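Okay, here we've got a single chain as structure tokens, the form predicted alone, with questions on binding and movement later.
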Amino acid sequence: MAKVSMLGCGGWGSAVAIMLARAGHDVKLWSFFPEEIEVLKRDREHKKLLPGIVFPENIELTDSLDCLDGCEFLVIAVPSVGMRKVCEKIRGLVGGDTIVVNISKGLEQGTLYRMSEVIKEVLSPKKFAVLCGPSHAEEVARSVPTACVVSSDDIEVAKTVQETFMNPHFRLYTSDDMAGAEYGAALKNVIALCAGICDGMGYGDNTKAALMTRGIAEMARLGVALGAKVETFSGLTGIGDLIVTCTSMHSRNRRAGILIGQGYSAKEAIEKVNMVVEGYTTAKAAYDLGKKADVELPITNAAYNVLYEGADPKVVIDDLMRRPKKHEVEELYLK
């Protein structure tokens, strides 16, 4: 069994820690906030995000970075907004033989970097992989059958993570397209926010089907322009993650979108959700990436206008429906 250190004990980090501990691994779960660790130690569960799910005894809860000593796998589950700060905090503390696995989703504001690019720039890990796919924390923590993808520039590293983390409740596939996996994982949150807005406005299944289908085409178009493989977007980290995030009430992005569709401002909606809504910050980063790469992103641009410019969702949707006529197939991956 492996020694795993987990940085970040939000819902997703805690769920993966619980999953790995149940599989028999020795897990240390770290938080940047000592007071958070004290509460988790007292309750032995994350009452806010994963109520009723008890932390197994082989999870050590800590706020000390001594947890990195001797770990074989370092799993990073920090929200995108705090990724660089945490990586700078642990610079020089990660062993050369440690396999670093990022499970966070999003794009860094300003640099527009994927999370792997932030981690590589700060930590320069020798062995690195990204794990993502359709995986609500609430379900992984309850051992609901889930399938994800582990991607790495070194396929042997991906296979090692697959071999170690995979268990009867958590199936892993390997990939060498880290860029595609990360862009899919990040960009689908923007589409999920839009899906929620449509739900909040009372639109139906037709609308959501159109949004999701055109959304994955848009995600692939940007991803391919930035070096990703087009086929990745038809897999678990593309259409798979998009489906689960656009259709489930577990999705905080969809929930925030529903509130916006009901008339709340973006700020009010995020405050009411009271959790990190990655799609909000990703919408701006994706908008900027589209401009930089000269890629047409009508849905992303519409989301940006609603979230950051205060545009009326009804007017924005009407404008999308009145766009010039297009051919579906050539529109998929061309500008």
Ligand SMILES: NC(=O)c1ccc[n+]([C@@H]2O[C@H](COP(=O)([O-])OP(=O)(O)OC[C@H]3O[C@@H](n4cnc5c(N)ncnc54)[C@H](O)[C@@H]3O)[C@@H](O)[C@H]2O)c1
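Model, not experiment: these values are computed from the prediction. Numbering starts at 1 and runs along the sequence shown.
Another form exists, predicted together with this ligand; not displayed. Remarks below refer to it.
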For the chain seen here without its partner, which of 90-98, 201-209, 261-269, 104-112 has a heavy atom within 4.5 Å of this ligand in the model of the complex?
-> 104-112
Taking the shortest heavy atom distance, is His136 within 4.5 Å of this ligand in the model of the complex?
-> yes
Should Val276 be counted as a contact of this ligand in the model of the complex, where contact means heavy atoms within 4.5 Å?
-> yes
If you check in the model of the complex, is Phe32 within 4.5 Å of this ligand, heavy atoms only?
-> yes
Would Leu20 count as touching this ligand in the model of the complex under a 4.5 Å heavy atom rule?
-> no
Using a 4.5 Å cut-off on heavy atoms, what residues in 1-37 are near this ligand in the model of the complex?
-> Gly8, Cys9, Gly10, Gly11, Trp12, Gly13, Ser31, Phe32, Phe33, Glu36
